[in-house]
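A lone chain, given as structure tokens: the form predicted alone.
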Amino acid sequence: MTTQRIATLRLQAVGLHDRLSAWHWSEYLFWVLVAASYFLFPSRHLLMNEIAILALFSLSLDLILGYAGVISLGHAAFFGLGAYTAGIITKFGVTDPLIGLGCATLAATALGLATSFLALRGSDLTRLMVTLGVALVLYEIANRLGWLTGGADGLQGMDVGPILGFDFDIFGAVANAYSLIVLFVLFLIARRVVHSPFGWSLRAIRDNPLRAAAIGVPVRGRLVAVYTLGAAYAGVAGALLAQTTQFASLDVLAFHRSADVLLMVTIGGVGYLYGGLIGALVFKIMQDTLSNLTPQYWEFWIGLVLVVLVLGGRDWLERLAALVARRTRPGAGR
């Protein structure tokens, strides 16, 4: 192959990458609607703040599940560690939210890196058990260290300082803006990652790890990197929850946290960054609506709706997700 031919192919590859990574109009519309919701629903700031946090948590799982094919049942370990880290340092005098966010990110990143070498071993079943085991171990550690974490009573006495001069209010306006901005910034980073050569190599590993290794992709290193990145994102989500609610309890490490986020990603669509965001929105609105209608039996109705979705609406959801993905894929219709 001549040098000129190689240069031509390289230019074509760069052009294809630019088209695939370009923003589609529907993506701009999505974020405009998100920003508009802040002003259109001033009485729902607390709910929207929780949705933003869950969306970031879902995004963190989609990075490792949707793009690398690594399934986890213990993703709450990083979420909970981030929440407790931010809460503990706040309780002991470091009230700046950004410092707390940074410390929580570092703690979750360290845990993700340390556990990745265990979680990525063996088959999917092994990964499920290892990730679940890590979360259960952290849950018991937090319970045992009650003098530090508050144990079953939760971590109380948090007094989070103002964020860039804005004090957190009881209506959740500042908290909602804070969470939305963090979500948007981290989404931009995640979008850049998945559209980079690193992101395309993750897709290759997800589809066929043996073939990816055969063409020179460092499979192990890429999986460790994305697993650590997903852990960092989950830690940020946990820190946001602790800071905006000024409370952290064993609930942030509970199994249902991992199950819920897996469910959100599944509802919205796996391997599609907006899937986690949409899944979190649908799940939280459904939970909030049903709990208001039937406070005693809302879990039953959520379970029933989910069963119906899985049994009767699975094909419809997959077709809808595929349609949305095609519509939002850069270069569609060109």
Partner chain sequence: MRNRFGLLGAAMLGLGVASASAQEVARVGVILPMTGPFASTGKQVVAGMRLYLAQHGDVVAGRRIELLLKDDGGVPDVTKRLAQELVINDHVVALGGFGLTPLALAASSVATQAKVPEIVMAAATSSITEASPYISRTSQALPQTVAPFTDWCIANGIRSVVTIVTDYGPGYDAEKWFKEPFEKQGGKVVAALRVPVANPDFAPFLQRAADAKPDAIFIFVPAGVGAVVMKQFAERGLDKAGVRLIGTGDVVDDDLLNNMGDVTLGMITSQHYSAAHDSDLNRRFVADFGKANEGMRPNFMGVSGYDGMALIARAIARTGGDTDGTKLIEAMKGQSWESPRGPVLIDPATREIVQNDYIRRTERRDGQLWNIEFATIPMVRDPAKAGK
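Keep in mind it's a predicted model, so treat the numbers as computed, not measured. Residue numbers count along the first chain shown, from 1.
Although it is not shown, the form predicted together with its partner chain is what the next lines describe.
K.L.:
May I ask whether 153, 170 and 282 each come within 4.5 Å of its partner chain in the predicted bound form, counting any non-hydrogen atom?
P.N.:
Every residue of the spot touches its partner chain in the predicted bound form.
K.L.:
Please determine, with the chain shown alone, which of 112-120, 246-254, 80-88, 229-237 has non-hydrogen atoms within 4.5 Å of its partner chain in the predicted bound form.
P.N.:
This holds for exactly one stretch, 246-254.
K.L.:
Answer yes if any heavy atom of residue 298 is within 4.5 Å of a heavy atom of its partner chain in the predicted bound form; otherwise answer no.
P.N.:
Yes, contact at 4.5 Å.
K.L.:
Answer for residue 134 alone: is it within 4.5 Å of its partner chain in the predicted bound form, judged on heavy atom distances?
P.N.:
Although its partner chain is absent here, residue 134 would stay clear of it in the predicted bound form, with no heavy atoms inside 4.5 Å.
K.L.:
I'd like to check something about residue 28: if you look in the predicted bound form, is any of its heavy atoms closer than or equal to 4.5 Å to a heavy atom of its partner chain?
P.N.:
Flag for residue 28 set to no.
K.L.:
Is residue 144 part of the interface with its partner chain in the predicted bound form - any heavy atom within 4.5 Å?
P.N.:
The answer is yes: residue 144 has a heavy atom within 4.5 Å of its partner chain.
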